[in-house]
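Coming up is one lone chain in structure tokens, specifically the form predicted on its own.
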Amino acid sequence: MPCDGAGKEVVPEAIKVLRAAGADFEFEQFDVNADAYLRTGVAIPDDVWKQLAAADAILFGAVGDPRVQDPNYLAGVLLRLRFELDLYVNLRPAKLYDDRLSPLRREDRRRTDLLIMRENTEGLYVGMGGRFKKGTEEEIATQEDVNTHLGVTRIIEHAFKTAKREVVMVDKSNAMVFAGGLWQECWKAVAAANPKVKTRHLLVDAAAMQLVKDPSQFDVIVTGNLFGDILSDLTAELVGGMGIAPSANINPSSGRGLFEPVHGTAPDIAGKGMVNPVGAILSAAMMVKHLGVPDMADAIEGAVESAIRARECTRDIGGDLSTSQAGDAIVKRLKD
């Protein structure tokens, strides 16, 4: 699903790299994008939805278009996929492939290899709330933060299954006492059941400070939908920017997964051959790992790192290549 803007440029590069890596997958491309929405008023047609729901995995580009101001478009594509397929685990890794990409002054604290694990189906993004007396000076707007015992418990449990050395739980329980109270109770219960894993709790403002101070201290950070969205943008910048940030949306029980670069449609540069394909390519690597081919995933990641270190990449991370040329540089390393 390339969808819109930059997505139309980076998804073909990701597929090109998958083919070079030897991926024997069958792909089917769907016409889900702003053009189709403007024609039909339907975000995802019913027949397409049935095929997406049956797919082994979905490789996704980016959704959004300046011509479409209706929030139902975004909600009807990406949020529907996340919510209705119950892709409750959002994985956003941040790994520094070259020291020159780090904005941190201290060399001993630049090393970054962490994972933001974001609860993906609850929180403030569920769309509950409303606007009373809209358009008047007395208007009241409410946005509800939904947290369930099931949802909080299962994301924390998955964090413990994934961590190599430590799980850090991030919330704002000192101010958001109801939602935070539930997170705290579930956190303590799951941590008690996993005594061999080191644990730490940080308030979200302290977590942001510590990530800038020394990202090398972190392994897995587990948090809610909003905080995970914000902190993962911060960690992306610590390793070179949004252009190289991958993500996965998965359900560990059903095996369903949607894989997408963190960046958006980038309307200011889309269509100019300037978009960095690395985020989509690394997302494709996460996809093949999820599908049970970890050696292929490692090979793709290794080729990406080699290309970045050689500065055979797009301008945003220090190279001078176009989107397609940057994809070719990674393909070349896979074939050599």
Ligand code: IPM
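Just count from 1 along the sequence shown to find any residue number. Given the structure is predicted, the values throughout are model-derived calculations rather than measurements.
One more form of this protein, predicted together with this ligand, exists but is not displayed; see below.
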item: Contact test, all of L74, D229 and E260, partner this ligand in the predicted complex, heavy atom 4.5 Å; value: yes
item: Which of 103-111, 118-126, 197-205, 182-190 sits within 4.5 Å of this ligand in the predicted complex, heavy atom basis; value: 118-126
item: 4.5 Å heavy atom contact, H158 to this ligand in the predicted complex; value: no
item: Exercise: R92 in contact with this ligand in the predicted complex, heavy atom 4.5 Å; value: yes
item: Contact of R256 with this ligand in the predicted complex (heavy atom, 4.5 Å); value: no
item: In the predicted complex, R82 touching this ligand (heavy atom, 4.5 Å); value: yes
